[in-house]
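Below you'll find only one chain, the form predicted alone, shown as structure tokens.
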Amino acid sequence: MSSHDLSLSRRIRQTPFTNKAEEHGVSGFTVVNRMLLPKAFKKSIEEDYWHLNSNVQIWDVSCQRQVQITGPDAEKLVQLMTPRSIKNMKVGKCLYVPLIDENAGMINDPVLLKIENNKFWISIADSDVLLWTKGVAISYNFKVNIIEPEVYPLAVQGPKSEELMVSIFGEKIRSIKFFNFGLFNFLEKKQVIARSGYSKQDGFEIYFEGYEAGEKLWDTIWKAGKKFNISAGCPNLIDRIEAGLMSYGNDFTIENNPYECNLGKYLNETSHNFIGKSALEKIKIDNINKQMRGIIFDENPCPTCSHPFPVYSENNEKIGQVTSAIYSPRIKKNIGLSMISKKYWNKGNKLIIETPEGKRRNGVITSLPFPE
């Protein structure tokens, strides 16, 4: 599939790396944050999964748009939008932060980067955080400037990613700890490189500034990666589900709160003021009725989970839904992420999953991430 098969415009945008993705055999795109995201290459998802588990891949994830907040009230604004405390956050650190509304509904689950003392990037999933942030800033009369900067993340993922990145950017790469970033020169411009990524593998994300030089960055990585058996890829559904990595809009929405999404561990220090605080405190006390769980279920590889699969108890009571699912060649069964009622969410509980072809399959609750 070519990007030219889509009606591209300022609403559906190409990335600095779209041409390279096409050159290396992309066979499908989706649209996230009004920008193209490669979703498939010529090889199968399973072949791609095994390659990712043992080699290195390059992913165009420019759709992870940044909301840049600068100014004297930047930290106040960021803290107001999330129940996770950022008071001890240092420059060079990344944090996974739930953003919630006045009802404690999840607006987004971005990665927050502290670029400078009064400069933050919120690296977002697929929702309108830019407009929400502007609205909050205006209502509180904060002294900030909020823009979507020309920053285009390019991911290098897989167990050989460190050696590949060292071969390009030097030994300093090894010192970057998980969910931290450093600054590295490329074509005489400093680039943010973080040890992070939407996979359970080791990897890095280059927050690339400089649209016109994007293809040079791709080519540099590709050339250096040949000896590491590099491949073009994209976020892999098998790997994502095994890692328990949720997808905003698929596994949860604004109708869900952080506790339902297993994000309670990020809410241990909530003495600060934030939007939705009273609603979140009430939920914690008396209203956590369902939560995200892993499910393993039987029979042949399940169909695509384009719509949630209903989940039933052994007594035929509807107790939840599978929101993402696929066959795992490692576990040799179907696996899924599922929002499950409290009465049934304990590990080991047996249940029944109904897939679109009308089959009822036996399943069991398991831990997240899925066991190795």
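One rule holds for the numbers: they count along the sequence shown, beginning at 1. Just so you know, these numbers come straight off a predicted model, no measurement behind them.
Although not depicted, the form predicted together with a small molecule is the subject of the following passage.
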| property | result |
| --- | --- |
| Segment that reaches the small molecule in the predicted bound form - one of 180-188, 194-202, 167-175, 275-283, heavy atoms within 4.5 Å | 194-202 |
| Among the candidates Ala224, Ile238, Leu217, Val111, the residue which, in the predicted bound form, approaches the small molecule to within 4.5 Å (heavy atoms) | Val111 |
| Sole residue of Tyr207, Trp132, Phe142, Phe228 within 4.5 Å of the small molecule in the predicted bound form, by heavy atom | Tyr207 |
| Contact flag, Arg84 vs the small molecule in the predicted bound form, heavy atom cut 4.5 Å | yes |
| Partner contact for Gln79 in the predicted bound form: the small molecule, 4.5 angstroms, heavy atom | no |
| Contact flag, Tyr211 vs the small molecule in the predicted bound form, heavy atom cut 4.5 Å | no |
| Residue contact check: Phe120 to the small molecule in the predicted bound form, 4.5 Å heavy atom | no |
| Three-residue site Gln64, Leu245 and Tyr266 fully in contact with the small molecule in the predicted bound form at 4.5 Å by heavy atom | yes |
